[in-house]
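Shown next as C-alpha cells: one chain only, the form predicted on its own.
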Amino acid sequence: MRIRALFSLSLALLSCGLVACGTSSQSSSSSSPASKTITLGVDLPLSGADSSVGDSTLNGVKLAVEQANKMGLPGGFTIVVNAIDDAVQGVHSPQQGASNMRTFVADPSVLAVIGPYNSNVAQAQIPISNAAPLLQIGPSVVSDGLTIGAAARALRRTNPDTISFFRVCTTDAHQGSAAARFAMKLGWKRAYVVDDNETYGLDLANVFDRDFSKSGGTILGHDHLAKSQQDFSALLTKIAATKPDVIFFGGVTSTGGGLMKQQMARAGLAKVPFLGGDGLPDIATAIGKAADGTYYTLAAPNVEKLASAKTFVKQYTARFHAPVGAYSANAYAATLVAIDAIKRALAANANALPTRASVIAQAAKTNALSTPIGRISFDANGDVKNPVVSLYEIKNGQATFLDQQFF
C-alpha cells in the first residue's frame, strides 16, 4: 500500500505564512484528542490511468481544509489530510480500497473520509465505514446500489439503519438517462453499447441501454469486456459492421475506455462518436488527441457556468496553477459537508474530539449548505437533492462543455 500524501496545515504556521507537509505511513501512531488534531481521510486513485482526475479531486479537498484551518475550528482543533492511493498496478482496486478504509477506521483521529472515485471501490468500503461507524462522503461514485434499495441495505449489514455514506453527485439512474437524452438530442439514433462489467460501468450501460431504447433509439448490440482486455480489434470490427451512429462505453479510462477509443480508427470507426460517463474525463490525458470525438457526462454541474462557483474557481486556479478538474468542486463541496458536520459536533464540547457517531448525525442534518456546486441537502438515503448531469466533448485534446440537465 502506498500513502500518497499527508497534508497538514496549522493556524500557527499560517500566521508565519508557512504550510507544513509531510508523509505518513500505515503504522504511524494515531493522534490523541489532546493533540487538537482531526484527520480527514481521502481515498482516491492517485497513480495509473486515473491519477490525473484523482490528483485534481484531492486538490479540492486540500483547498477546503486549508481554508477551514485558516478560519479556525472550535476549540483550536486543526484538520490534517491523509490521502491514500487505491490503485494497484495502475488500476483502482476494491481490495486496496477496503484496506485503506480499515487504516482510516484504525486511527481514532479520523472523523470522516472523502472518496472514493470509483463505485466498486465504494462497494468494498461501505461495509467497513458503516461498521465503524465512520462518516464517508463520495464526490463522484454514482452506482445506485450504494445508497438505494436492498443492495445498499446489504452494504450496511452491521448497522443497516445507520446512513453513514453520503454523496454530493447524482446516480447512474440519472447519468445514464441523461446520456441517452443527450445522444438523441445530438441526432444519434443507432448505438452500440459496451461496458467493462464492473459495478459502475455495467449499471451505467444498462440504464443507457434501457432509456435510449425508450426514447426511440436502436441498440445494435451490448457487449461486456473481459478484465484487463487489451486488444479490441475483433470487437470493434464487429461493431463497425453494424454502422452505429455512436458507441456508448460504460466504464472508466483504465478499464478499457482509453484503449478502445485509441483502437477505433484501425477499425474504420475514427469518425464515430464515443460516448460515456464520468469515468472518461481523463481520457485525453491518457491517449492525447486520439481522444478527440469522445463525449462524456459528469455527475456534477459545470462550475464555469455557476455564479456560486466563481470564487472557488479563482481560488483553485490561484492555489494549484491548473484548471479545475472534473470533480475538484465536488470534492471541495464534500469536504465542506464533512467540516461543517465536525464543527457542529464540536459545538457540544469544543474541548474533546467528537465521536464519529455525532459527526454522522450532524452530516445527516446538512441543510442547504452553500457550496460551489450549489446548496447541499441530503435525502433519506444519503443522496444529494437536486442533482445535475453535464455533457462534454473532447476536441484537440481539450474538454468543451456542451449541455447540462437538472433532476
Partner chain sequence: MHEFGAQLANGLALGAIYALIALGYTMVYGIVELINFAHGDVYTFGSFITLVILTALGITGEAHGVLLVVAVVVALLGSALACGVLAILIERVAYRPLRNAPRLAPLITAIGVSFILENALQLWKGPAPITVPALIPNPRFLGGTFSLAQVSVIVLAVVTMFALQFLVHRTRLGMQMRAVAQDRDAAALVGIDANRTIALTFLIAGALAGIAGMASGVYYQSTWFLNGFGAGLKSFTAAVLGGIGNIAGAMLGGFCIGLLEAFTSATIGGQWANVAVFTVLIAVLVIRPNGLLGTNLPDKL
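For the two forms, the rigid core is made up of the largest set of C-alpha atoms that agree within 1.5 Å on superposition. Bear in mind that the values here come from a model prediction, so they are computed numbers and not experimental data. Positions refer to the first chain, counted from 1.
This next part talks about the form predicted in complex with its partner chain, which is not shown.
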{"property": "Any non-hydrogen atom of A241 within 4.5 angstroms of its partner chain in the predicted complex", "result": "yes"}
{"property": "Partner proximity in the predicted complex: T218 to its partner chain, non-hydrogen atom cutoff 4.5 Å", "result": "no"}
{"property": "T311 within 4.5 Å of its partner chain in the predicted complex, heavy atoms", "result": "no"}
{"property": "Contact test in the predicted complex: H224 vs its partner chain, heavy atoms, 4.5 Å", "result": "yes"}
{"property": "Residue (of I163, V324, L259, V272) lying close to its partner chain in the predicted complex, criterion heavy atoms within 4.5 Å", "result": "L259"}
{"property": "The single option of R266, K189, R210, K185 touching its partner chain in the predicted complex, heavy atom within 4.5 Å", "result": "R266"}
{"property": "In the predicted complex, segment of 175 to 183, 230 to 238, 333 to 341, 72 to 80 with a heavy atom within 4.5 Å of its partner chain", "result": "230 to 238"}
{"property": "Residues in 266 to 297 with any heavy atom within 4.5 Å of its partner chain in the predicted complex", "result": "R266, A286, I287"}
{"property": "Per-residue C-alpha change between the shown form and the other one, Y192, threshold 2 Å, rigid core fit", "result": "yes"}
{"property": "Large Cα shift (2 Å or above) at K289 between the shown form and the other one, core-fitted", "result": "yes"}
{"property": "Is_shifted T158 between the shown form and the other one (CA, 2 Å cut-off, rigid core)", "result": "no"}
